[in-house]
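Just one chain follows, in the form predicted on its own, and it is written as structure tokens.
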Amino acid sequence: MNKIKVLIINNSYVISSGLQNILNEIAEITYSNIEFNEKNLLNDVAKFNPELLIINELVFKFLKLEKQTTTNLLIVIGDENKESHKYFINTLNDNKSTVISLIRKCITENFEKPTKIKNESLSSRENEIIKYVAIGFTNQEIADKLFISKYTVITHRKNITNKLNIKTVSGLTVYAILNNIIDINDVN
């Protein structure tokens, strides 16, 4: 997944600094921060072109008056959720873990697509590697069986992990069984 572009617009230095500190812990995003300036706000937002806007409720109301939406996805920051925003950070009653949870929930619901595991996305060699891994062979044993180097096997396994997002041998075994690469009776 590509990093999600987040823009923070807030008129409070303290809140912006705290948000930046929290956002540094979320690997899925890249962020920028701009101060609220009525004259340049819409141009600044358009220039950054964020996928997610974390915005102070006063700034949000200003944008609403302008009747221009810069993004469909907003996390509003304020002391009361009067307008029932879907994603809202309450500055009167927040802590680091609730803010991170809210941002991750927003990312999960709006940006992460379910991974479809397709057997076609793997090469025939990668399918062979999965087969031997699922059966229980070591990298060296797979290399000997396929007449390739151990390092080539390791490279194939890294590629398989990247393609399928499966990091464990047990996960690869389940994948191999579900995709008819091996029979359940082949597993030790």
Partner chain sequence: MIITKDYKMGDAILHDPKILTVLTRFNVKLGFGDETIEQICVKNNINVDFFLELANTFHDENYFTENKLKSFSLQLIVSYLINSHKIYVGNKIPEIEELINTLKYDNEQDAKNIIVLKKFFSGYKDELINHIKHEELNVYPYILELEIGLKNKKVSETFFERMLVYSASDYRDEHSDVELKLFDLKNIIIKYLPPPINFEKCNVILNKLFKLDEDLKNHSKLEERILVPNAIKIEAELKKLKSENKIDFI
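Everything numeric in this text was worked out from a predicted model, so none of it was measured. Numbering follows the first chain given and starts at 1. By rigid core we mean the largest C-alpha set that fits within 1.5 Å across both forms.
The discussion below concerns the form predicted in complex with the partner chain, not included here.
> Within 4.5 Å of the partner chain in the predicted complex: all of 165, 168 and 184, by heavy atom?
Heavy-atom distance to the partner chain in the predicted complex: all three under 4.5 Å.
> Please tell me which of 60, 31, 137, 36 lies within 4.5 Å of the partner chain in the predicted complex, judged by heavy atoms.
Contact with the partner chain in the predicted complex is made by 31 alone.
> Is it the case that residue 180, even though its partner is missing from this view, gets within 4.5 Å of the partner chain in the predicted complex, heavy atoms only?
Residue 180: contacts the partner chain in the predicted complex.
> Would you please decide whether residue 23 lies within 4.5 angstroms of the partner chain in the predicted complex, comparing each non-hydrogen atom pair?
Flag for residue 23 set to no.
> Is residue 15 close enough to the partner chain in the predicted complex to count, meaning some heavy atom within 4.5 Å?
So residue 15 does not count as contacting the partner chain.
> At 4.5 Å between heavy atoms, only one of the stretches 125 to 133, 157 to 165, 52 to 60, 141 to 149 reaches the partner chain in the predicted complex; which one is it?
Of the options, only 157 to 165 has residues within 4.5 Å of the partner.
> Following rigid core alignment, is the displacement of the residue 166 C-alpha between the shown form and the other one equal to or greater than 2 angstroms?
After core superposition, the displacement of the residue 166 C-alpha between the shown form and the other one reaches the 2 Å mark, so yes.
> Would you say residue 19 moves its Cα by 2 Å or more between the shown form and the other one, aligning on the core?
No; residue 19 is a residue whose C-alpha shifts by less than 2 Å between the shown form and the other one when the cores are overlaid.
> Can a Cα shift of no less than 2 Å be assigned to residue 181 between the shown form and the other one, given superposition on the rigid core?
Passes the 2 Å threshold, so yes.
> Specify closer or farther for residue 171 and residue 104: how their Cα atoms are spaced in the predicted complex versus the shown form, given a shift of 3 angstroms or more.
Farther: residue 171 and residue 104 separate by 3 Å or more in the predicted complex.
> Work out the direction of the Cα-Cα change for residue 162 and residue 30 in the predicted complex: closer or farther than in this form? It's 3 angstroms or more.
Compared with this form, residue 162 and residue 30 lie closer in the predicted complex.
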